[in-house]
Every structure is written in C-alpha cells, then in structure tokens.
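A lone chain, given as structure tokens: the form predicted alone.
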C-alpha cells in the first residue's frame, strides 16, 4: 500500500508537468495554428539557461527562475515570424510546414545543448532549487519539495489559464480563433497579433515547466526534450488534438500510469506505455478520447 501511495504522489507530480506542457502545445495549435512538436525542446533549453544563470550568479534562485521564464518567452516569440512565414494560409493549421519547421528547430536546439553546454554531459541543479532532503518520510512514502511545487504551481497555473480563457477579453479572442479563424478575422480580431500573444503565453507556461522539471528531476540532458516531446504528443493525440480539458485529464492519467508501472513492473516500461496507449486509442478512436478541437 505504501508503494502504491508513493507512486500515486510521484505520478500526480509528473502528470501536472505533462498537463502544463500539453496546455502550451495545444494553445499554439488552437490560436497560432501551428503544430509545435519541439515545444518541449524549447522548455529543456530554458532549463539549461536556468543552470547557466545559477552557476554564474552563485545559485541566485530568483535570477535563475526569471532567466528560465524569460528565455522561454523570448524563444517562443522569436520563432513566431518563422512559423508565420511558412504558413500557406493564416486562417488554417498548416500541419506539414509548421511541423517540419518545429522539428528543424528542435534538432538545432538539441545540437546546441549537446555541443555548447557542459561538454554535452547531463547537468545537475543545486539543492537550493531541488530542495535536497524530502519534506517528510513515512516508511516508503516520501514527499519531495519538487513534487509539492509541481502539484501546487501546476494546479494554480492551469486554473489561471482557464480563467483567462473563459473570463477575459483576450481569452474570448483565443476561443474565437480556435472555433472559426476566418470568422474571427471578419469581426476584427487580429489573427497575427493574437497568435503572437499565444506564443508569449505558451512561453510563460514553458518557463514554469522548465523550473518544475528541474526541481522534480534534479538534472537535465540534451535528449530530455525529445523524450518530453513524445509524451506531449501522446497526451495530445490520446486526448484529441487541441482539446484543453482532455489534455488535463490525460496528462494526469499518463503520469500516474507511468509511475505505477515504474513501481510494480520490472524493466523500463514507463516510456513505452505512452506509445502503446496512443496506438490503441488511434485504432479505437482516431479523433481522441475527448475529440479533436481543430
């Protein structure tokens, strides 16, 4: 029973990060109308920026967190003109062009991380970020600082996003574009400017995810972005591309399932489970469990 409880806690913490990543990915899909497959690679780049700033400032936590969030925002916004340039139609999702550009960006960023930071070796974060010892331990159950922050910040961030989406003018513009891009343009909603706002908002979510992943895993490597990208794609496809509520449910579920498999199954099956589930869902319900929203 203790193992089960411990793995549920681990799974919810991991799942909350999947939810943040999937929300940022789906926001870009719904509003900016792009398939940003390498969005998690940008998040890992921000993790490296956090590490660089912490090392340069004597582990100044505030500056490290600010650098991580700002680098994610800047990299997302800077990439906006590139995506807009290759899109054939501003009012429709251009799957082929945007996904190819995104994958190209991912390869470039991964190569930069492999050759320009720590000689390509994994990086480790200091205890003032990761929290060091568990907050408390009861038998096999231990609660880490990173787990608490992942759950708390993940819940607050996703709740704030849904409030913004359904209670503000900007949120109405986002929803209008996601429902009918051509109609939104006709009523005067600026498609390009609103799209850039979605890049910035997804950048904020990406920066927060970078901090939480660093706290939870205590380390990062150049290949981490590709692994996270596969998980985010699995969550989005299983839930239904562009389905924000579905991404919330499936992201948490995937984190819990992976953690339970790690706790009870021999071998490294946790990474394979995402793709097995994705394959089953595609065969059973091609539009995802909650339906496609694009």
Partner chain sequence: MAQNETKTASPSGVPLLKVENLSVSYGHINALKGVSIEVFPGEIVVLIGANGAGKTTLLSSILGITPSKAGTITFDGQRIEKKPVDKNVRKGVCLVPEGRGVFASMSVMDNLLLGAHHNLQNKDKNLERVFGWFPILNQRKNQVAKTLSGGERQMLSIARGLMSAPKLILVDEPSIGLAPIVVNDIFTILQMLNKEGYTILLSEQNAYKALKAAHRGYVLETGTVTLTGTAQQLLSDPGVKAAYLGA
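Computed from a predicted structure; not experimentally measured. Numbering follows the first chain given and starts at 1.
In what follows, reference is made to the form predicted together with its partner chain, a form of this protein that is not presented.
**Student:** With its partner chain left out of view, which of 201, 113, 184, 213 would have a heavy atom within 4.5 Å of it in the model of the complex?
**Tutor:** Spelling it out, the residue with a heavy atom inside the cut-off is 184.
**Student:** By the heavy atom within 4.5 Å rule, which residue out of 153, 173, 129, 196 makes contact with its partner chain in the model of the complex?
**Tutor:** Exactly one listed residue reaches within 4.5 Å, namely 173.
**Student:** Within 4.5 Å of its partner chain in the model of the complex, counting heavy atoms only, one of 69 to 77, 103 to 111, 120 to 128, 173 to 181 shows up; tell me which.
**Tutor:** The contacting stretch here is 173 to 181.
**Student:** So, residue 189 and its partner chain: in the model of the complex, are they within 4.5 Å at any heavy atom pair?
**Tutor:** Yes.
**Student:** Given that its partner chain is not shown alongside this chain, does residue 85 nevertheless sit within 4.5 Å of it in the model of the complex, heavy atom to heavy atom?
**Tutor:** Judged by the heavy-atom cut-off of 4.5 Å, residue 85 is well away from its partner chain in the model of the complex.
**Student:** For 230 to 260: residues with a non-hydrogen atom within 4.5 angstroms of its partner chain in the model of the complex?
**Tutor:** The stretch does not touch the partner at all.
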